[in-house]
Ligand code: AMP
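Shown here is one chain on its own, the form predicted on its own, set out as structure tokens.
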Amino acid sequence: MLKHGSTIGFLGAGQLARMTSHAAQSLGYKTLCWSGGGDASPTRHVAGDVIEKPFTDASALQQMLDRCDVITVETENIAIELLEKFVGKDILRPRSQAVRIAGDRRLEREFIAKTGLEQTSFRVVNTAEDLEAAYEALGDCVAKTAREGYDGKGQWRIRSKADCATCLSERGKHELVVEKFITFEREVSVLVARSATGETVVYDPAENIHRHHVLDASIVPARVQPDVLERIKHIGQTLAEELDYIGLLAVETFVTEDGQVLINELAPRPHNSGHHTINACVGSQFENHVRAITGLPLISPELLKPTVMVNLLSDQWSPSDPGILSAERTGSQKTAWHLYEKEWIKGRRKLGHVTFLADTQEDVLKDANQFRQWLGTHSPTH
């Protein structure tokens, strides 16, 4: 167990590192974030220190190794060359191999296949012939870059040979994983915190709603049958055990109309669909992540009230509109606001989130949907 005053390092300096830093500091730990060359504005005024250098900088790596007692990640998109620097040093949590598997869709699919758990049918593609063969075998499918894809980036829907040609012309040098297109009823994620001793807690699964491939809202409890929820929780715990995982693991699944549960992907870190846990659970995903990687006992993931988390994305909101904090717009006083101190950028950048709580799911959905409707008619001005 890491003593109070020890330093937790983060590979990344975005909003996940920001919220995990808050949890770490509440438990008496210092924090150091390495931006890797990305935007460090969410942690610049929160973390104890921020190193604003690219992940290829040797001096920054040495600082992390010298100053940190444990290091964690806020993204799985980390170069293999950097992950290899931590092999054998027993400082990275989760371990390098787990991050590498979750950051490479081919490795991820092959790992899941070995567990025997159900997932979407897939093919690994490197050539034009491979892609056409995958399309012939799978029919309607989605091609995804094996690495560096997120929020819909690096993905192509394949419904014809013409789509194959478009995909090949745009993919660059990336290896592809082609997955059968799934018509699902719900997309549901589950969060699992696991310590080095094998102590594990599993959160109530969240039902996720996306807008243009970016998470728009998460509803907890997810609106699926109780037996399906238990299967999803079992899947999350099984994957954490098979990975010998340390930290917070997120598992995204598809639930079909007939109740089948198919694993979509893994994330070796706190997850956007778990932001509600800060206000709606006994222990947040961020606190249990910190507890798991430092050796502290885990705490209850119990859901206190039905909840909906709504993302504040840059195509619908700007930090220049402070009036959004008015609870009158939501029709409810049971709201919690989390703004990330990020600059507005055109597109769908995640600038913050709002958590709604109510005594019943009907009431919380009413409040959250009212707010989402307001966002849908609102355009940020710059």
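Source: prediction; values computed, not measured. For every residue, the number given is its place in the sequence shown, counted from 1.
Another form exists, predicted in complex with this ligand; not displayed. Remarks below refer to it.
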* Which pick from I182, V224, V124, I299 sits with a heavy atom within 4.5 Å of this ligand in the predicted bound form? -> I182
* Here the chain is shown alone; which of E287, E187, D204, E74 has a heavy atom within 4.5 Å of this ligand in the predicted bound form? -> E187
* Asked: So, L313, H338 and N369: all three within 4.5 Å of this ligand in the predicted bound form by heavy atoms, or not?
  -> no
* Asked: Heavy atoms within 4.5 Å of this ligand in the predicted bound form: which stretch among 124-132, 92-100, 137-145, 193-201?
  -> 137-145
* Heavy atom to heavy atom, is E252 within 4.5 Å of this ligand in the predicted bound form? -> yes
* Asked: Would R291 show up as a contact with this ligand in the predicted bound form if we use heavy atoms at 4.5 Å?
  -> no
* Asked: For R105, is any heavy atom within 4.5 Å of this ligand in the predicted bound form, or not?
  -> yes
* Touches this ligand in the predicted bound form: T120 (any heavy atom, 4.5 Å) -> yes
* Structure fact -> Applying a 4.5 angstroms cut-off on non-hydrogen atoms, the residues of 198-226 near this ligand in the predicted bound form are H210, H213
